[in-house]
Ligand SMILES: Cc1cc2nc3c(=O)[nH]c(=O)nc-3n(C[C@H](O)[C@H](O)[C@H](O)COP(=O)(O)OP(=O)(O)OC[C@H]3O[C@@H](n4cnc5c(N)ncnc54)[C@H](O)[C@@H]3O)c2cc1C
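Just the one chain here, laid out as structure tokens, in the form predicted alone.
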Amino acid sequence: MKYYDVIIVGGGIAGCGLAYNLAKECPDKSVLLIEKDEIGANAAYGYRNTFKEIVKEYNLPYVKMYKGIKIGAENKILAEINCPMYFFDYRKACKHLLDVSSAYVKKECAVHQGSHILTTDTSKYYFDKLVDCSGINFFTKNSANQKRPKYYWKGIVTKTKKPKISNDYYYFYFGDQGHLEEIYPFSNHILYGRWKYVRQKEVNILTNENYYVVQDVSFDDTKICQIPCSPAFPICEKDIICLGDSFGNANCSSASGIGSILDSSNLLANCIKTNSNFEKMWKKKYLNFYLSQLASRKSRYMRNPLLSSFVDYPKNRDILPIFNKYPEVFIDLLKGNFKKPPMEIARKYPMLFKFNTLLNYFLFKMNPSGV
């Protein structure tokens, strides 16, 4: 059996990003990446969006740059945020990261991991560290019968004819019950997604909602997507490490696409280089932010029925226009940089809502594995 310092299971952005960062931080390590399909094959329609600094840092190939975002509710634009966003080909980005790494690549299916041994459908390998980048397949968590992420963005994505909208901007439309529509216009078509932030077991959440923007979309050719957005611990156990969607690393309030996962892959590469505890370092850097966002999401979109009868929640049409005055706050949210909202926004929320959010945060803080 061949030995590798690090074996990566999964050839998405987490696995390819880690291969890239390992080559940069510890080029002496031997790295094997296992992928059962094609590299970067699991992205819906093969595209993602991110910011200039990430494109520049990783030299990612992109297909379109939008001037910014138009955000709205109930079929009405309420704010315009000017911030360049880069739309890139997910497969090409993954292949680029892998090509400039020093990783070996095998098209095999991981079947079982034992004590420093990975078994695939065709081979066996020794390893020092195994990194699970299998995404929602949860390769190691399923094998060890561990908790999986509890909250997800679930959605359907389709490619359809372009409505009469500018293709200089992309669009977010927010619903008051937690759903989101996103529209990426090109010259002769759009990519359109409708999403909702839900608990894992809520699978039929996209059939009976009121969506406002693209009423005439044909959903004959759609992709069903789910993105885990709550950290499930442990993420490290002995020689096994989870990265990316395999432990819920996507930010529940971020549209930066791959930013948080690439940043975490860089953190992991440094931890492997210095023999540091990745879970401890990840929690120190990210956990308070994740729990704050989860607490806010749960308070607003997963409401306690009794509390809802007493609390008059503000509508998106009341909140979103304020971002015209504070565009940097919305951009920070997209980038995953949580800051206190301006008082003009904070005053829109009743005291009971703030109390419930604080209570949720402390409950998550006492038991983050139960998130």
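Everything numeric in this text was worked out from a predicted model, so none of it was measured. Numbers for residues come from their place in the sequence shown, where the first is 1.
One more form of this protein exists, namely the form predicted in complex with the ligand; it is left out here, but the text below deals with it.
Inset, instruction - Classify residue 108 as contacting or not contacting the ligand in the predicted complex by the rule of any non-hydrogen atom within 4.5 angstroms, answering yes or no. - result: So residue 108 counts as contacting the ligand.
Inset, instruction - Considering only heavy atoms, tell me if residue 64 and the ligand come within 4.5 Å of each other in the predicted complex. - result: Residue 64 lies outside the contact set for the ligand.
Inset, instruction - Determine whether any heavy atom of residue 139 comes within 4.5 Å of a heavy atom of the ligand in the predicted complex, and answer yes or no. - result: Residue 139: yes, in contact with the ligand in the predicted complex.
Inset, instruction - Check whether residue 195 has any heavy atom within 4.5 Å of a heavy atom of the ligand in the predicted complex, and answer yes or no. - result: Close contact exists here: in the predicted complex, residue 195 approaches the ligand to within 4.5 Å, heavy atoms only.
Inset, instruction - Kindly indicate whether 11, 14 and 90 are, all three, within 4.5 angstroms of the ligand in the predicted complex, using heavy atoms. - result: Verified in the predicted complex; spot residues all in contact, yes.
Inset, instruction - Find the only residue in 98, 157, 190, 236 having a heavy atom within 4.5 Å of the ligand in the predicted complex. - result: So the residue touching the ligand in the predicted complex, by this definition, is 157.
Inset, instruction - State the residue from 241, 269, 258, 103 whose non-hydrogen atoms include one within 4.5 Å of the ligand in the predicted complex. - result: It is 258 that has a heavy atom within 4.5 Å of the partner.
Legend entry - Options 122 to 130, 222 to 230, 279 to 287, 143 to 151; stretch whose heavy atom lies within 4.5 Å of the ligand in the predicted complex: Among the listed stretches, the partner-contacting one is 222 to 230.
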